[in-house]
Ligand code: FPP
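Just one chain is shown here, as structure tokens, and it is the form predicted on its own.
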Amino acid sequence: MQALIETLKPGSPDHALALSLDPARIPAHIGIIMDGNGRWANRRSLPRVAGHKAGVVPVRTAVETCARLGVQSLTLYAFSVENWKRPRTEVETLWQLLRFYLGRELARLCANNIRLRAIGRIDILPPSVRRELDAAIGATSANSGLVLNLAINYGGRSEIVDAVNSILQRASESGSLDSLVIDEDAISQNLYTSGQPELDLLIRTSGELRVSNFLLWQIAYAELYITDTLWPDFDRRALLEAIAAFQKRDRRFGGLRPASAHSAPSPSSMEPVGSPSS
């Protein structure tokens, strides 16, 4: 976290906000549904692709901020299995932006010790995208800092299906199918995010109150933070505000506070999920 504070101007709102955070309670794993690019463009009478292009800047900001804060994993919802339904020109623009991001940001990822991963059914991506993605993943594979998961051609239901099928396939190959028992641990160990920390915080921009088939298994006990801010406007301060709100939550994971099973709910547990409009 000190690595972030040292980059901020003393006395600035971002600096004060960073100083207010508890270093011991930084989320280990953050997921972000980056929503609102199209609406951002529409409000400016621009084509939707302009919103997607503007959304590249907050990606860099979120990634670098999380790396400097000491977040262990950051999962960004880049392209869902449902996004293929969008106009072909928009989909092609998204692939172009991904390739542009990988080419421009690779050196920055390595400088910040960030390890890139892709989660989703990436085997059906366009060959040119897959090649550059694989190259970037390989180039950062030895990095030991933040794990950046790009969820591409991703769906939460598909992930669970793929996990179960992986379990079944291995059992069939080993001849243990008849005695197979699938439990929660088995599924968790076969998810795309296997080996990474449990998801602590799920952020959704643009104010929509749904999870949109994102990390369905992983969000079981994650804290949800909804902001009306559209993704292109989601800056460092917005991210720090989300983490500050997370640190105020009373996380009981289905249990009770030690003080009393019958005590009144704390103010933080009574607050509605989300955040004020930015």
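Computed from a prediction, not measured in an experiment: that's the story for all the values here. The first residue of the sequence shown is number 1, and the count goes up from there.
One more form of this protein should be noted, the form predicted together with the ligand, which is absent from this view; the next part is about it.
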* To do: Select, from the options 107-115, 158-166, 92-100, 120-128, the stretch whose residues sit within 4.5 angstroms of the ligand in the predicted complex by heavy atom distance.
  => 92-100
* Asked: Would Arg249 count as touching the ligand in the predicted complex under a 4.5 Å heavy atom rule?
  -> no
* is_contact(Gly55, the ligand) in the predicted complex, heavy atom dist at most 4.5 Å -> yes
* Asked: Is Thr65 one of the residues lying within 4.5 Å of the ligand in the predicted complex, judged by heavy atom distances?
  -> no
* To do: Look up in the predicted complex whether Leu202 has a non-hydrogen atom within 4.5 angstroms of the ligand, and give yes or no.
  => no
* Asked: Do heavy atoms from each of Gly31, Leu191 and Phe214 fall within 4.5 Å of the ligand in the predicted complex?
  -> no
* Structure fact -> Checking Val59, Leu240, Ala222, Ile226 against the ligand in the predicted complex, the residue with a non-hydrogen atom inside 4.5 angstroms turns out to be Val59
* **Stretch 31-61 - residues with a heavy atom within 4.5 Å of the ligand in the predicted complex** => Met34, Asp35, Gly36, Asn37, Gly38, Arg39, Arg48, His52, Gly55, Val56, Val59
